[in-house]
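Given next, in structure tokens, is a single chain: the form predicted alone.
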Amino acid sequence: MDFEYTQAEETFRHEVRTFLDENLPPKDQRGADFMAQWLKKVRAKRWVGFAWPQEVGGGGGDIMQQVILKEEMAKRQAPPLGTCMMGLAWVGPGIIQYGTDEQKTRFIPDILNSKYHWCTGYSEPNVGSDLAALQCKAILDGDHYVINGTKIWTSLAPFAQWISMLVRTDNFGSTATKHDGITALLVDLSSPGIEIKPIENMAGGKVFAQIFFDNVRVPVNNRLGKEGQGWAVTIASLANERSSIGEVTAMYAKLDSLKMLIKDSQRQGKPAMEDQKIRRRLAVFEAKIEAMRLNGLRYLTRQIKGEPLSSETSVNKLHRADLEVEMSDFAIDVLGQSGLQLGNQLETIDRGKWARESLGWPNVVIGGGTPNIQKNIIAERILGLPKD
């Protein structure tokens, strides 16, 4: 494996670092309009949707440029490159590949310009990890589909204006496989008949929701791909998962924050950093993050060679979910009772960051697929073990 970067790649890294030096002031020096100006500037650089084709308004960045951009942004803990997270990650790529010209014109610019939020409706009650067994039904009625059913654990639904969702348009038994009867629809969440019930975690956060659909009418023009092609649309959209290098950099930043916390803490009257058990735990965290980094480089190498990624990214997803929870819980263990204080007051340690992350574990554990799903994917698709 060659760890060196080309001159062109280093030139691009310098461009990113120069931009950050000029446009990313310290957090306590950012004005009320900072975020709006930031989004305007990164959009002008075409760094929002950097991986997307230039003809749809993206940056057309190659794989290595994407990695460098994410890595440098994560190192400096910069704001996101666009705020329409689900739109940029999954919905937009699906529209680019399967959408009509009218859909691309209607939705892609708004995603790139952070006009509103999208969410994705996949999981359902009583379905578990077998997504293809979904039961949310859509019946064709003239030039509209009529949706009835529910979705659950839908990330960002409490804040979203649109949802890209899977529905069943053919009953079990009427198609060759249960995957064939699934269709993808783009649905306005302000449509009559939709009820969104946020799911509150123990820290008071409301990132997830259950969504109920009661005779919701959706224009046929909002179908993404052909009827019955929803499974292929979803697989193609989720295939945009990358090497997770940016996430690894963010995990190293979290580890640095944890080390600073411990340096400022006491354990039995002595500096906590002198406790050998604590030092060993920090070493384990660092080793796991480094393993994630090397795994990410392995995936990156495959991408550079033009080899498609299949299920390998589940390994780092699983590691990250475990690490996020372990590191936050460890911070609470070190701090003791004082670490459980929530709130953004000055007197709370790190303004309650560690308590929120420890108690808000569903955000990282459930989002993007639960650990059980990731373990099944690894076992079945990578290790070749029998299906669960």
Partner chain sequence: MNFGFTEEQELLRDQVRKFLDAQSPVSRVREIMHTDEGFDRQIWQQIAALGWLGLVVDPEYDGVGLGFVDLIVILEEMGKSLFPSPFIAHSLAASTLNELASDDQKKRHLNDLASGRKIGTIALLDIHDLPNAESITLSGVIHEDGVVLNGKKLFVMDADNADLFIVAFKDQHETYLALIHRDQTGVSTQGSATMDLTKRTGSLELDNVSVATQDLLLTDDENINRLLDKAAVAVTAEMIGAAEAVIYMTTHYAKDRIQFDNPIGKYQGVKHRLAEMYVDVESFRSLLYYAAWCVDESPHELPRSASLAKAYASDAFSQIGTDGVQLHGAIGFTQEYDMQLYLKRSKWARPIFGDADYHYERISQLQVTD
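Because the structure is predicted, anything quoted here is derived from the model rather than measured. Positions refer to the first chain, counted from 1.
Same protein, other form: the form predicted together with the partner chain, not shown, and the subject of what follows.
Asker: Kindly indicate whether K259, R293 and I382 are, all three, within 4.5 angstroms of the partner chain in the predicted bound form, using heavy atoms.
Answerer: Yes, the whole trio is in contact, each within 4.5 Å by some heavy atom.
Asker: Does the partner chain come within 4.5 Å of any heavy atom of Q276 in the predicted bound form?
Answerer: Q276: contacts the partner chain in the predicted bound form.
Asker: State yes or no: in the predicted bound form, is some non-hydrogen atom of D170 no more than 4.5 angstroms from a non-hydrogen atom of the partner chain?
Answerer: Although the partner chain is absent here, D170 would stay clear of it in the predicted bound form, with no heavy atoms inside 4.5 Å.
Asker: Do R46 and the partner chain share at least one heavy atom pair within 4.5 Å in the predicted bound form?
Answerer: No, R46 sits far enough from the partner chain in the predicted bound form that none of its heavy atoms falls within 4.5 Å.
Asker: I378: heavy atom within 4.5 Å of the partner chain in the predicted bound form?
Answerer: Looking in the predicted bound form, residue contacts with the partner chain include I378, since a heavy atom lies within 4.5 Å.
Asker: Which one of these stretches, 293 to 301, 94 to 102, 137 to 145, 75 to 83, sits within 4.5 Å of the partner chain in the predicted bound form when only heavy atoms are counted?
Answerer: Partner-contacting stretch among the options: 293 to 301.
Asker: In the predicted bound form, which of the listed residues (A283, V220, M202, A253) lies with a heavy atom within 4.5 Å of the partner chain?
Answerer: By the 4.5 Å criterion, the partner-contacting residue is A283.
Asker: Counting any non-hydrogen atom inside 4.5 Å, which residue from A232, A272, L189, L318 sits next to the partner chain in the predicted bound form?
Answerer: None of the others qualify; the residue that does is L318.
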